[in-house]
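This document opens with one chain alone, in structure tokens, the form predicted alone.
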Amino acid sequence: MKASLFCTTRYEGPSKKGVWPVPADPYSAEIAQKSYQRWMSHIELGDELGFDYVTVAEHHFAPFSMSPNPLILAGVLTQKLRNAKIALLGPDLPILNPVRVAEEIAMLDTLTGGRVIAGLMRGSPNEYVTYNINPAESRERFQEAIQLIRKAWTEPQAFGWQGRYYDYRTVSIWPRPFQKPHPPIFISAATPESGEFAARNRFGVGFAFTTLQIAMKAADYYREQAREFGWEPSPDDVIYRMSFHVAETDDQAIEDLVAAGVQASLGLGMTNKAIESAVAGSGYYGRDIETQRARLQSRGEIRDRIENGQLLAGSPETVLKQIIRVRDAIGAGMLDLSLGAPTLGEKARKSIELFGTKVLPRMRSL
């Protein structure tokens, strides 16, 4: 198995909460600059430790990821990374010019000597609103754009394109992709339609912001469809995204995540009765029961996320066992990993180091 370190470029200062788009009045340019610098240092560390990919993505109007243009971030990384491939999980095609995307990815592929992975995404409804694109058109726009991009990469002669959404009199991109016939293409296969489209076109697939159970079904359907089209995906054709935090012991990893305020993305947790029973038997005499309730709630949510296949957390040995479970369930050859406790400074960096030195070498043989 292989591993990718996801560069989320989170804003590491106070920000407002609520419905997207997030108001920017607490924004600090200095904090934003330091946030980018910290994330770049994490990515450089991951490259030094042997992570196979680093990942950038596209998001808009929110502090959890200051990456409105992942191609710019990838351009910076071409000058910093020496070994890792750069995985573009984004750009979001329905809101962009596909010929421009084809040119820019080809340029990145040339700059890196063929170390670009082309994750071409549909994006999310809020991103269509950002650029005034009808969400009902997103699937058809995406599918037409990706076919246009592939032709731009592979057709040596100038050609015209007249589709439903895109119309170009003549296309002939320079530079051409370094990889032949083009960089590996990955798309999301979260729906049956996208899984069938990926299988029909022999694309790799990725799963993110989901659960192990849902991803298992989607991966099985993708492979079934691929067989219908006469080919068999390899483990390297499947990417699964989750977060991670590695510490010297299981207890320390959980404590770190509790301190970082990690919450379950699906809102799962311990019931009030379970929390009260745990507090009563925990030996926290004389302490504020509400404080312990909050801590145990967080612990329950963290364990739910581990069980759901959304989080790797624990000692290196424990995390490796969790990885084996994910591999056996989905058949993924690549884990795309975001920091589970990115705000913890040196502990976040230590987590990357432990994963790179104690987990990643053992993943190679899985």
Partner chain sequence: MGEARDMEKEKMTDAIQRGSVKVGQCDVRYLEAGSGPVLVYLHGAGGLRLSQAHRILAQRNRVIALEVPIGDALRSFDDIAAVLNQALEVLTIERFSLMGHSVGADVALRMAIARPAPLTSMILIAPTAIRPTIVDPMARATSDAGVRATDWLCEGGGVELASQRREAFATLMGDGRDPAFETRMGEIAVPVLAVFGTSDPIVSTDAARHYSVLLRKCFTVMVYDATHDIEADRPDAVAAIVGNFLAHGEGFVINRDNGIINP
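Positions refer to the first chain, counted from 1. Since the model is a prediction, treat every value here as computed from it, not as a measurement.
One more form of this protein exists, namely the form predicted in complex with the partner chain; it is left out here, but the text below deals with it.
E155 belongs to the set of residues with a heavy atom inside 4.5 Å of the partner chain in the model of the complex. Not displayed here, the partner chain is approached by K151 to within 4.5 Å at the level of heavy atoms in the model of the complex.
Shown alone here, G163 lies within 4.5 Å of the partner chain in the model of the complex, counting heavy atoms only.
Mapping the unseen interface onto this chain, D256 falls outside it, with no heavy atom inside 4.5 Å of the partner chain in the model of the complex. Annotated contacts: D109, T112 and W174 are all free of the partner chain in the model of the complex [non-hydrogen atom within 4.5 angstroms]. Distance criterion of 4.5 Å from any heavy atom to the partner chain in the model of the complex singles out F159 from the list F159, F209, Y131, W231.
Of the residues given (S243, Q143, Q225, S124), Q143 alone sits with a heavy atom within 4.5 Å of the partner chain in the model of the complex.
Of the candidate stretches 232 to 240, 96 to 104, 73 to 81, 143 to 151, only 143 to 151 has residues whose heavy atoms lie within 4.5 Å of the partner chain in the model of the complex.
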